[in-house]
Ligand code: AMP
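A lone chain, given as structure tokens: the form predicted alone.
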Amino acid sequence: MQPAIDFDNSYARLPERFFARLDPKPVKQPKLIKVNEVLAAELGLDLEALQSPAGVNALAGNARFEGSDPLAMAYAGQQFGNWVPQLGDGRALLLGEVVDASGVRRDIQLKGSGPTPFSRMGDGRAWLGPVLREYIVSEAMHALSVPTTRALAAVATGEPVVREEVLPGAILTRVSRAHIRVGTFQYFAARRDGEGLKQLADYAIERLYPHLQVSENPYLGLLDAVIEAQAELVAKWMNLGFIHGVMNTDNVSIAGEAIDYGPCAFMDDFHPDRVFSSIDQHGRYAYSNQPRICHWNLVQFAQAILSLLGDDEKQAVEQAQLSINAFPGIYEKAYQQGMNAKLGLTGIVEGDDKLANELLVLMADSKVDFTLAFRTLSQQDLDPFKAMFDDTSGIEAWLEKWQLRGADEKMLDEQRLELMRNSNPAYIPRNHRIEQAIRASLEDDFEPFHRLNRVLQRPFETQADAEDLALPPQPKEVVPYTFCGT
């Protein structure tokens, strides 16, 4: 008897050209690594059933969850700026949708479940490392209040996956408000499938932005909503020193969630041009480029839905351009609000952007750890913070400006410090710690993985038994590059 989930699969009721129906490819020896107990409860799932042999079989794709309707979604996209007319879920299957405890519809998807019609000669599998990385990072992002896909479970397959070497296979069960991407809209627009494009837009509005259904131009409203969601998302990344690594249009969720954690990383020592992805040879998706690339991706979204904005093409272009032109202002406001909170400032006044940027320049010059610098600034004693910088006079001058600006705040010093401690995490999923957890898992030791997940669920609290996880890497521990895993 397979575990039952109260699925209601609305995407599966769309026309057949939106996806390909198929079952996951079975694996030999599935073994449960972790189930996210908190998320399972949010989704109203039976934890005991998920952890049972039948549940693990279903999480591995060896059997269907009762009520599921597996399908691989079709989409296109621009990868590193190059147009690819057909991508789609090449190693993932949407099992179905559930309505969670708060009334929000959520997708449940298997990632690494075998080849699909969109695999493009790939094996459709994932090896253990990227599965653990996505589990750790996505759940850490959630704890950091960043909109994100979630990790429900990780299962080892008991089968090898061949990449540069033979590696153990695994499957991630991923949860999202929707797996619809900018590239999904591009897929229909490129085929001049106006009917499909409208059906997709109507579906997205009803599911994600239902308030737009009564607006004068719901499709223009959809464009504005996605622009705002993406601007605020990337601002949060920048506030945390996070680099996504592959901001292709097929990796841009119109739900405004971070999705597809491939060669991603949180910076250690700060530099605006930091790149971690091993395939990003020219720095297209470097840290400082992320807002610009986000803006570019949204232009592609606007172009994809342009035909829906109105019958008058010239007027539609003008409307879309006005919406696109609003992106920098939305982003800058969200980014500055986040930076000000990190600096213990509540409002935004003229000069705040300059104050924040001056600190980042000093950090880059001294190769100061991004996360540790802001966390150390959140303490009463500023001497450890000053000691992080080579330019003593420069940081002293900056601190004077910062303290003068802070005097304008209508808060006690301790209230400001509390705001800063709640905005500057002590713990992030540092690249070297993730790699250590992955290496240990190859020896069948998952304790570093479990420990990292436990600590990262309380990122703003100082945890007495986790001091080592707050520290940047030693020179020999630095992990300069991350990999996609496909």
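Numbering starts at 1 and follows the sequence shown. Remember, predicted model here, so these are calculated numbers, not experimental data.
Omitted from view is the form predicted in complex with the ligand, to which the following refers.
**Q** Taking the partner as it appears in the predicted bound form, which of 120 to 128, 264 to 272, 295 to 303, 205 to 213 has residues with heavy atoms within 4.5 Å of the ligand?
**A** The contacting stretch is 120 to 128.
**Q** Heavy atom to heavy atom, is Gly90 within 4.5 Å of the ligand in the predicted bound form?
**A** Yes, contact at 4.5 Å.
**Q** Find out whether any non-hydrogen atom of Ser138 is located within 4.5 angstroms of the ligand in the predicted bound form, and reply yes or no.
**A** No, Ser138 is distant from the partner.
**Q** Wondering, does Arg163 line up within 4.5 Å of the ligand in the predicted bound form on heavy atoms?
**A** Residue-level check for Arg163: yes, a contact with the ligand.
**Q** Would Asp250 count as touching the ligand in the predicted bound form under a 4.5 Å heavy atom rule?
**A** Yes, Asp250 lies within 4.5 Å of the ligand in the predicted bound form.
**Q** So the ligand isn't shown here. In the predicted bound form, which residue out of Asn217, Gln79, Ser366, Gln337 has a non-hydrogen atom within 4.5 Å of it?
**A** Answer to the contact question: Gln79.
**Q** Among Tyr285, Phe276, Trp237, Tyr75, which has any heavy atom within 4.5 Å of the ligand in the predicted bound form?
**A** Of the listed residues, the single hit is Tyr75.
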